[in-house]
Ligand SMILES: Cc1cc2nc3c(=O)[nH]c(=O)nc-3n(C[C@H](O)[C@H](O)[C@H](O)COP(=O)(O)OP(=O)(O)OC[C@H]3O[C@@H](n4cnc5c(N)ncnc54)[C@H](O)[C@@H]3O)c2cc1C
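First comes one chain, alone, set out as structure tokens in the form predicted on its own.
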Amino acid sequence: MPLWHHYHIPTTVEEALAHLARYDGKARIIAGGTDLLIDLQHTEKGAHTLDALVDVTRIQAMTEISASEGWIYVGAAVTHTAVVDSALIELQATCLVESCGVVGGPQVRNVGTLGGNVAHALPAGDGTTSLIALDAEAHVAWADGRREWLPIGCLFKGPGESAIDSTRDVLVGFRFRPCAQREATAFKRIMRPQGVALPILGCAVWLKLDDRSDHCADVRICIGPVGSIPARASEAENALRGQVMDDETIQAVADIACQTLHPRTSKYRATADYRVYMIETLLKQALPLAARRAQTGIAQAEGVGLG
């Protein structure tokens, strides 16, 4: 049984929307296909056939990385490898390079896309975790003709449930502010050793230091999976703002995170107790790393490509 009957390769977002509208819910957007093709082959009733796939990898707005008017823009069809190879993102949003660099193996990163990572709506998505910490916005082209930028968190309705209908709407890209002076990011995670599973836990941090570079002026922290949708660790953030960046403070922040975040037990990955323990471990890695980068202005991604 074929998995689809027609395959379209539009060159504009408008053309992609027109194809989707033509098939009235029986077509799907495809870019890397690393999740979609598996889903089509493993539905509850066996393989599922679509009328059409709409390939968005030839749309310039969805495949470019650029900087303009105080924003960094990353198209939704940009591959994880392209993010890792971007000197701009490594310097200005290091956590995103680090998170994309550990998605799957090289073959997956070469075709899998940042937009696909987000559109799959899993709270454990590595790219998603960093985008939340970066306070990113998503550009959505809705089927009814609306185009809007909205906070990335608005895309998530539940585990595997996206606000975007991939049979009718198009996730075009993302934008976020580059790190300024005394600002930096970091990403750390722990996963099972086979290197292709979703993470046991991931942690992304954006940190801004004060003029003396020794106190936290502002911070954003995303740890996942914790809840049903990706979200920031607001209690931990509040505990860190205005405090000196030393071991005692970081330990206190980690303690608060462990007390206020409630990850669930996963049958295949880890118990809730183990994940709580790892919250402390990851914060004690990511926060000092982000602080060093903010103090020195040196932002070289760690652990990229190691799985």
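Bear in mind that the values here come from a model prediction, so they are computed numbers and not experimental data. Start at 1 and count along the sequence shown; that's the residue number.
If you look for the form predicted in complex with the ligand, you will not find it shown, but the lines that follow are about it.
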{"property": "Check all three, 135, 217 and 294, heavy atom within 4.5 Å of the ligand in the predicted complex", "result": "no"}
{"property": "Single option in 111, 229, 82, 152 placed near the ligand in the predicted complex, where near means a heavy atom within 4.5 Å", "result": "111"}
{"property": "4.5 Å heavy atom contact, residue 36 to the ligand in the predicted complex", "result": "yes"}
{"property": "The ligand contact at residue 225 in the predicted complex, heavy atom, 4.5 Å", "result": "no"}
{"property": "4.5 angstroms heavy atom contact with the ligand in the predicted complex for residue 188", "result": "no"}
{"property": "Proximity of residue 275 to the ligand in the predicted complex, heavy atoms at 4.5 Å", "result": "no"}
{"property": "Option from 206-214, 230-238, 89-97, 72-80 whose residues, in the predicted complex, bring a heavy atom within 4.5 Å of the ligand", "result": "72-80"}
{"property": "Contacts with the ligand in the predicted complex - residues in 162-191 whose heavy atoms fall within 4.5 Å", "result": "164, 166, 169, 170, 171, 189"}
